[in-house]
Structures are given as C-alpha cells and as structure tokens.
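Taking the form predicted on its own, here's one chain by itself in structure tokens.
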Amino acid sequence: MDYQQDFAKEVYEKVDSGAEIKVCMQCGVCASTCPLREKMKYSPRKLWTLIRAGRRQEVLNCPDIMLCTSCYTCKVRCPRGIPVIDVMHGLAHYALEKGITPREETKKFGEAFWDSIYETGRVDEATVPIKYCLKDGMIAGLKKSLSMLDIGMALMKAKRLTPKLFIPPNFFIPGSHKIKGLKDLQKMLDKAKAMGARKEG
C-alpha cells in the first residue's frame, strides 16, 4: 500500500474544495444518503479517511471519485455543511490533471459533454452520445451505439431525442444551433482553464 505523509496537505491546498474535508466528523450521512452507495467501494467518508492516512495512489485511482451524479443529496444533508459533491469533483479533476483516469468511460463522456458546450454553447441529447461513442473510433463507436439502442428509443419516445446522422466528431451537426455570444463563453472557459493551470503550477 502506498503512503505519502503530506497527501492530506496536498489535497487541502490543490484540490478544489479539498480543505473542506478538515471539518468532517465522520458521521457517515453522506455515505448513507448517496443513491449510488451500493456501487461504491469507498464512500466519501472513507475517502476522507484515506486522504488523512496519506493513501495518495489509492485515492486518486479510486473509480468512486468519478461516480458522483451531482444530485446534491450529500451536500444538503451534511450536518457540517461540507460540499461533498465539490470535493468529489475536485478529486476527479485533480486525478485527471495528474494523468490518472479512475474511470475511462466517464472521462470520455465528460470530454464529449464539454466539447459540445465549447463548440455550440449547449448540450444536445444527440450530439453528446455520438461524440462519446466515436471516442473509440468509427467501428467501435457504431457497435457501442447499437448496444445503447434501447436507451435511444426510450429518449425518442419521450421526445427528448431527435434522430441525427452518425457522423465524425468535431463535425457540426445540423440542429445543434450555436448560442448567441458563443465566443464570449469560449473566452470565459479558456480563462477558467488557464486559471486552473496556474493554480496547479
């Protein structure tokens, strides 16, 4: 097992909202209220303990830090007001910045999601899945698309998805209209990225 004595300090100083862990009293409310607790190896409470114990590799490679769905239940119910969701997302971003990918598929989907926002200023229910599937290439992407056909049909039935052509990533899809002021949004996103890089450096 790895041990890095100053890992807790590293998290407190470099991970977004990492310092909030200091006030955790280990009550376990976050763990008991998370809708994905059955899928987790380590609950947030256990992750905080591992951070304090200096278990750097174990924490940053833990798939659970990329499992959060942003439901905010943990944040609302924490008696100390710890923004658990922000810490989990912070740990996930920090791991990715360090070249560690706890969940490969989550990373791919996140990239497709943010590509859509950056390119059009919005998230489209058809564009994002297409970009996500094509992360593995055209043939693998087609197979992955077919494996999720039932989800697509359900979305179309609920009028949440408009069928579009299966086309290569970074190609503008008709119907994915760009928002007004897209260049201003891109400047903001670029600046935020640069600020994050400076903080890391």
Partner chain sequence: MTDDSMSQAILVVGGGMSGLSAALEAAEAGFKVVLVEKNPYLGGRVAQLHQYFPKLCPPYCGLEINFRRIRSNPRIEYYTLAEVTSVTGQPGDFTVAVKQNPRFVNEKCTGCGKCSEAVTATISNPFNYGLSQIKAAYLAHELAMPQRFVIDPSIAGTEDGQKAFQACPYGAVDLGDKGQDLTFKVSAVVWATGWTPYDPTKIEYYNYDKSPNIITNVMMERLAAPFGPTQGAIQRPGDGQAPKNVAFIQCAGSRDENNLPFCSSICCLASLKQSTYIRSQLPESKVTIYFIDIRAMDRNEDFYTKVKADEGVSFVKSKIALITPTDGGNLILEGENTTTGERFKAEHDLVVLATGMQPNTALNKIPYDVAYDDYGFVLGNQAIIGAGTVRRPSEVVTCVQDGTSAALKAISAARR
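Residue numbers count along the first chain shown, from 1. Computed from a predicted structure; not experimentally measured.
Not on display, but discussed next: the form predicted in complex with its partner chain.
**Q** Any of the heavy atoms of Gly28 lying within 4.5 Å of its partner chain in the predicted bound form?
**A** Taking the distances in the predicted bound form, the answer for Gly28 is yes, it comes within 4.5 Å of its partner chain.
**Q** With a 4.5 Å heavy atom cut-off, would you call Ala95 a contact of its partner chain in the predicted bound form?
**A** Contact check for Ala95: no, nothing within 4.5 Å of its partner chain in the predicted bound form.
**Q** Ser32 versus its partner chain, in the predicted bound form: is there a non-hydrogen atom within 4.5 Å?
**A** Contact with its partner chain, yes.
**Q** Determine whether any heavy atom of Met88 comes within 4.5 Å of a heavy atom of its partner chain in the predicted bound form, and answer yes or no.
**A** Answer no; every heavy atom of Met88 is more than 4.5 Å from its partner chain in the predicted bound form.
**Q** Among 80 to 88, 127 to 135, 114 to 122, 101 to 109, mark the stretch whose residues have heavy atoms within 4.5 Å of its partner chain in the predicted bound form.
**A** In short, 80 to 88.
**Q** Identify which of Met148, Met40, Leu155, Ala53 has a heavy atom within 4.5 Å of its partner chain in the predicted bound form; exactly one of them does.
**A** It is Met40 that has a heavy atom within 4.5 Å of the partner.
**Q** Taking only heavy atoms into account, state which residues of 112 to 130 are within 4.5 Å of its partner chain in the predicted bound form, ordered by sequence.
**A** Heavy-atom contacts within 4.5 Å come from no residue here.
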